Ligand SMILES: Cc1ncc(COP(=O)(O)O)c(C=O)c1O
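Only one chain is given next, in structure tokens, and it is the form predicted alone.
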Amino acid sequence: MTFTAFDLEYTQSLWEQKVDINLTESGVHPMRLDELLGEDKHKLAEMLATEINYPHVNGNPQLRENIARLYDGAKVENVLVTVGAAEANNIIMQTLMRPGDELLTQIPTYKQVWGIALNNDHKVNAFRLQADSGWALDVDDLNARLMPKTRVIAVVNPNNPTGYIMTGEEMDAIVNAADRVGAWILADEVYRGAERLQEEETQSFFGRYDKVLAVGSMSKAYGLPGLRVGWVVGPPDMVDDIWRRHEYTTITASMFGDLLATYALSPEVRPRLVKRTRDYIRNGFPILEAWINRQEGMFSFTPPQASAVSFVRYHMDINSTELMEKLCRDASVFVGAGDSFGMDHHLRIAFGQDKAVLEDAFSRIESTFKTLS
């Protein structure tokens, strides 16, 4: 069996420490510890007095309660804490997929779950998000790609890399497709809370269907990727089955990640983190948009509804991975290649940074593009 590398993460490992400006990071600029704790000296003292032991293997009860509060109808027993959304996706697939099962997923999408399926000898079918319709779900294509052996329908909502948020009707179409063949829905919802245009948070798939596993993380909507804390929310029996795989992989998140995530997701602190993320997104996007508009037809794109990234089509005769590598070498700016998401001639460009960083990056990219044209 041929191993399929995780192309996006592989290229990030190669380049992100070599460039001056990294615009592949799909969250906003990370938060500092002193920024998170602020003037809370009691919390700092508590951290300093903490024994560096194992925390609760499935996440401490207060953290799980804080996470459950984010999902209508969820309770502590619906929640398992993992080492990032990456572990959550991995052990969900280990738990659900059996020999002969098939995965149905999106194009374009974050391709971790796709690669996990291929590397375990499962067939992958993909339905399209329609670029010429603002990345709306192609419901006819979804239904055409649904197979009797479809075991998991994997979606990322809000979408990575496009920032598109599914409508209620589109979510219902996913649920109806899953219900027809008894499939599970793996809903990667790490961008809930990172909305650009709306104040209400994106609806979760959890609660719309009895076979949903919703995945979240401290990375995207909270600016805390280095905590490496994620979670799964789903039916208690299935969550327990996934927990058994967690014990084989990482055993537990770190003590400090667990404690800081508990603090960050508390009702008193979480709104401040969401506001910070949205401020970065809402201040950064106009800088990207203005730059694109000055490029005289070089690009076309649909503005993202959520997330700190935009999936931009460029109109040049060069492969996206080649273009990404040229920008890394010549401009020392790293952007995501469309190849990594299943669509060439696109770039995923992050904008969740300070104005000066973005303006410097876009100036460098523009100079490199001139050498190509």
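Keep in mind it's a predicted model, so treat the numbers as computed, not measured. Residue numbers run from 1 along the displayed sequence.
Here the subject shifts to the form predicted in complex with this ligand, a form of this protein not shown in this document.
*Asks:* Check each of 108, 84, 193, 223 and return the one that places a heavy atom within 4.5 angstroms of this ligand in the model of the complex.
*Replies:* Comparing distances to this ligand in the model of the complex, the residue within 4.5 Å is 84.
*Asks:* Only one of 151, 278, 228, 122 gets a heavy atom within 4.5 Å of this ligand in the model of the complex. Which one?
*Replies:* Selected option: 228.
*Asks:* Looking at 125-133, 215-223, 252-260, 71-79, which one sits within 4.5 Å of this ligand in the model of the complex if you count heavy atoms only?
*Replies:* Result of the contact check: 215-223.
*Asks:* Heavy atoms within 4.5 Å of this ligand in the model of the complex: does residue 117 have any?
*Replies:* Because no heavy atom of residue 117 falls inside 4.5 Å of this ligand in the model of the complex, the answer is no.
*Asks:* Closest heavy atom of residue 142 to this ligand in the model of the complex, within 4.5 Å or not?
*Replies:* Close contact is absent here: in the model of the complex, residue 142 is far from this ligand, nothing within 4.5 Å, heavy atoms only.
*Asks:* Would residue 320 count as touching this ligand in the model of the complex under a 4.5 Å heavy atom rule?
*Replies:* It does not: once this ligand is placed as it appears in the model of the complex, residue 320 has no heavy atom within 4.5 Å of it.
*Asks:* Whether residue 156 contacts this ligand in the model of the complex should be assessed with a 4.5 Å heavy atom distance threshold; does it?
*Replies:* Taking the distances in the model of the complex, the answer for residue 156 is yes, it comes within 4.5 Å of this ligand.
*Asks:* Using a 4.5 Å cut-off on heavy atoms, what residues in 23-50 are near this ligand in the model of the complex?
*Replies:* The stretch touches the partner through 26 alone.
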